[in-house]
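The chain below stands alone, shown as structure tokens; this is the form predicted on its own.
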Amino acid sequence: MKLISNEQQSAARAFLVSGMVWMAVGATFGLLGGMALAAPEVFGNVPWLTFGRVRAAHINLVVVGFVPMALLGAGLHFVPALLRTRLYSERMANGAMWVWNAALLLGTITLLLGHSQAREYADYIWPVDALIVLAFVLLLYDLGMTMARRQEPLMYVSVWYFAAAVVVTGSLFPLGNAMWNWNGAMSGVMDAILLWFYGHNVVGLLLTPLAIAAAYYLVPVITKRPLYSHTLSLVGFWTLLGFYTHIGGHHLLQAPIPAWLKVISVIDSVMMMIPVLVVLINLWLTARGRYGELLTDLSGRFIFLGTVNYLVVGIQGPLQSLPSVQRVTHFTNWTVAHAHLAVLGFAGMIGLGALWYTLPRVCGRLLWSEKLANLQFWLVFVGVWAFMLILTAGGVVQGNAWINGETVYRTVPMIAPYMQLRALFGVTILLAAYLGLYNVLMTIYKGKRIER
């Protein structure tokens, strides 16, 4: 097999496999981090297993690795199908895949060795950032040429969302990572403003549109019904771009940033309820009367739970942007719970649903084991909601203790049971990741061939 293949659907297949590999590796580091929080001395003084390094590796492997690569793999299958044309260059997309994987490998090694820009979601050092930007440039050119050569004159909304994710993130990544500076950061409060402009958008303008693109494609396909409203889909698209771009400042309400920026970030955070509700109403009305088909379908279950989690995330986000709520929740495990539900519960679940739908179609083989895929669904479902409830409760304990004048170190014993439960349920996510990877590899190499 050629490393940079020109075989049709090879890039989609490679991105899907890469996504599952990084889910397994990322979940491993996540569990290591959870164990360190539950028992700080568990790894002794091994430098590369310290919590600060393991956490950074975990976050980036999930946010930059697993979720976007799985969703990009699905998109590289359904976007050409919607445009009624072949992908412009499978070699270029495969090249982007290898560059992306090289960036993740190099980034993980350097983070574990202690080389970091020390910025949330922007931890990778400059050479790694450059590789990621190169991967986006290759994908952007390939996608642009595919769209230019399309046979379908009308572009379905999934193509809008998929293209926006690549274009916007490819543009924001160099800006948010301050790539004009070798150290990848600016000085003072301006760096914090720039970081959270990027840090929130890498979730909201990369993972979110990729996940919505997959849901808008799969829900009508699975339920065998046309999308309820194309007008609503475009309203959701433009309001997402319009409101999400400015909400990163709500992470800095306690910082000395301009008051007008704080006001805009809070207002736009609350206004984000519009695109969230528009997307969910559109998807759920599309499935109205066909929920049986959606919930009995393997991919449909993942997609539906992802949309339910999106509703919870969409309520939490505006709520926790309010200053009165942040007095209790900010800098606590409440925020960690919200992040896990957004990344794994919403975008990750939809990414897994898209993967199980797409994989047989891009490798020409039936799924190796639907039972294993179903088991993965329940493991992720239980794990992510256990994280959500445990960390939210722990965050409320922390926040109320702090607001009543308790010192930080005295709250550590209070949240110890929550950290132990978090590590315990982290095992379910780890098991789900490795079962999924095994199922993917067995499907590719041992799955029954689909008769054409």
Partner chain sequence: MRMTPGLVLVGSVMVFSASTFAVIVVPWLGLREQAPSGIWRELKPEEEAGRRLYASNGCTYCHSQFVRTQDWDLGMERVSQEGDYVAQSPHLLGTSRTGPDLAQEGGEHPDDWHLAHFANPRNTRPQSLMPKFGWLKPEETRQLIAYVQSLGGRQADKRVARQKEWKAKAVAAYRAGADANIRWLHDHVPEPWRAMPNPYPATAGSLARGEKVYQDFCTGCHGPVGDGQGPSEAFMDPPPLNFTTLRRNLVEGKYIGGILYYQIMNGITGTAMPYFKHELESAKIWDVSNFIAVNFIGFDDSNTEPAGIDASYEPMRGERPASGKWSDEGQVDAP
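Owing to the predicted nature of the structure, the values given are computational and were not obtained by experimental measurement. Positions refer to the first chain, counted from 1.
The next section is about a form of this same protein that is not shown, the form predicted in complex with the partner chain.
Undergrad: Would you classify Arg365 as touching the partner chain in the model of the complex, given a 4.5 Å non-hydrogen atom cut-off?
TA: Arg365: no contact with the partner chain in the model of the complex.
Undergrad: Please determine whether Trp402 contacts the partner chain in the model of the complex, using a 4.5 Å cut-off between heavy atoms.
TA: Flag for Trp402 set to yes.
Undergrad: Please run the contact check for His58 against the partner chain in the model of the complex: heavy atoms, 4.5 angstroms, yes or no?
TA: It does not: once the partner chain is placed as it appears in the model of the complex, His58 has no heavy atom within 4.5 Å of it.
Undergrad: May I ask you to state whether Val412 is within 4.5 Å of the partner chain in the model of the complex, using heavy atom distances?
TA: Yes, Val412 sits close enough to the partner chain in the model of the complex that at least one of its heavy atoms falls within 4.5 Å.
Undergrad: Considering the partner chain in the model of the complex, which of Phe381, Tyr88, Trp160, Phe136 comes within 4.5 Å of it through any heavy atom?
TA: Of the listed residues, the single hit is Trp160.
Undergrad: Here the chain is shown alone; which of Leu175, Leu375, Leu285, Ile315 has a heavy atom within 4.5 Å of the partner chain in the model of the complex?
TA: Partner contact (heavy atom, 4.5 Å) among the options: Leu175.
Undergrad: For the chain seen here without its partner, which of 293-301, 342-350, 89-97, 166-174 has a heavy atom within 4.5 Å of the partner chain in the model of the complex?
TA: Selected range: 166-174.
Undergrad: Looking at the partner chain in the model of the complex, which residues in 136-158 have at least one heavy atom within 4.5 Å of it?
TA: If the 4.5 Å heavy-atom criterion is applied to the partner chain in the model of the complex, 136-158 yields Leu140, Met147, Arg150, Pro153, Leu154, Met155.
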